[in-house]
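Below you'll find only one chain, the form predicted on its own, shown as structure tokens.
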Amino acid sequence: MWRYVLKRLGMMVFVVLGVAILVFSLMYFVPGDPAMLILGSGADPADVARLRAQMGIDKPYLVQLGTFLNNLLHLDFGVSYQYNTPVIESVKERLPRTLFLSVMVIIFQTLIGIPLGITAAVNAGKWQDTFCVIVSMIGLAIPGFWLSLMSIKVFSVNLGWFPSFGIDSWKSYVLPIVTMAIGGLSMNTRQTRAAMLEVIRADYVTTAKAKGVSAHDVIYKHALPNALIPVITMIGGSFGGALGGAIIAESVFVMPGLGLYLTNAINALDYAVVRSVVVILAVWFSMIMLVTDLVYAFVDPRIKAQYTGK
């Protein structure tokens, strides 16, 4: 098992390196000059050139790339042009909020989506199945951005139940979590339903029923563990979607998390912030996918045997 973990950690290094080079290149070639944005369009060219030199963006591409990668190696994420503060300090303050929002979205999706999928599969062809399928299709069809705006209109402006921006209390997280989770919840429902329908028709499930095993044990002890493999894969992958959704949600609900920090940095061409935040998110996502693969071992002993070589 440890050999597998070390192997995956080694692969993560190349993934993060590739992400770092890609995001650096995109920001390098994107139109615009951060020095001009800071000083204004009427600034003296000499002042602009001097500021570019101070920021280190007047050097050739390869020189800047080498400096960026060397700084990352030493965990130096630079200083924000926009806020004139170390990026790492802002990340430490904002990252927990974004991670909390993303984790709560995943939990909400899982606790509701999987039971709905099981209910639909167990009652295939009945009204319960039809209801779950229709609800999941509607959830997938609704754009998250539009749903966020409508939730603010209804539950904040009209009803006054929840705040429309900020993070003053736990209520501030309700609308972002629910609106972000709808799409993933629908995907979880459909994936669980499809996996369960395939498993409950298997021979070993039929044998368990013939032996008089209770319906509850057949579903939850025999069928569900084998149906969870594709579901776990989707849940792990949806964490990346939750992080991406947090960027939109934090912008709509004006929540001071990493998403809003990144959005403002993109608009201001704040290279240090954009590059560092993207790399940090890539590291987190890679770690989540590693944990997802390890969870397989606890769900399916056959996969554990492949990891341990037994």
Partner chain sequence: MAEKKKAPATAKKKNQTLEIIKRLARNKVAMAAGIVFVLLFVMAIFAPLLEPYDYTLMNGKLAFAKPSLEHPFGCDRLGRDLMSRIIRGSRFSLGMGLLGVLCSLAAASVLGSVAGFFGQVADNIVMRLLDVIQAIPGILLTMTISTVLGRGFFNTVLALSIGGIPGNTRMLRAMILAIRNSEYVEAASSINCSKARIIAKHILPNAFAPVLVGAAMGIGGTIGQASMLSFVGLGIQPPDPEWGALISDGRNYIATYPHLIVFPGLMIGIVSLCACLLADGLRDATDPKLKK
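Predicted model only: the values in this text are computed from it and were never measured. Positions refer to the first chain, counted from 1.
Beyond the structure shown, there is the form predicted together with its partner chain, which is absent from this document and is the topic of what follows.
- Here the marked residues 100, 174 and 177 all miss its partner chain in the model of the complex; none has a heavy atom within 4.5 angstroms.
- You can rule out all but one of 151-159, 71-79, 218-226, 113-121: in the model of the complex, only 151-159 has residues with a heavy atom within 4.5 Å of its partner chain.
- Not displayed here, its partner chain is kept clear of residue 54 by more than 4.5 Å at the level of heavy atoms in the model of the complex.
- Though the partner is left out of this view, residue 267 does reach within 4.5 Å of its partner chain in the model of the complex, counting heavy atoms only.
- Proximity of residue 166 to its partner chain in the model of the complex: non-hydrogen atoms within 4.5 Å are absent; the residue sits far from the partner.
- The shortest heavy atom separation between residue 40 and its partner chain in the model of the complex exceeds 4.5 Å.
- Taking its partner chain as it sits in the model of the complex, the stretch 259-291 comes within 4.5 angstroms of it through a non-hydrogen atom at 262, 263, 266, 267, 271, 278, 281, 282, 285, 286.
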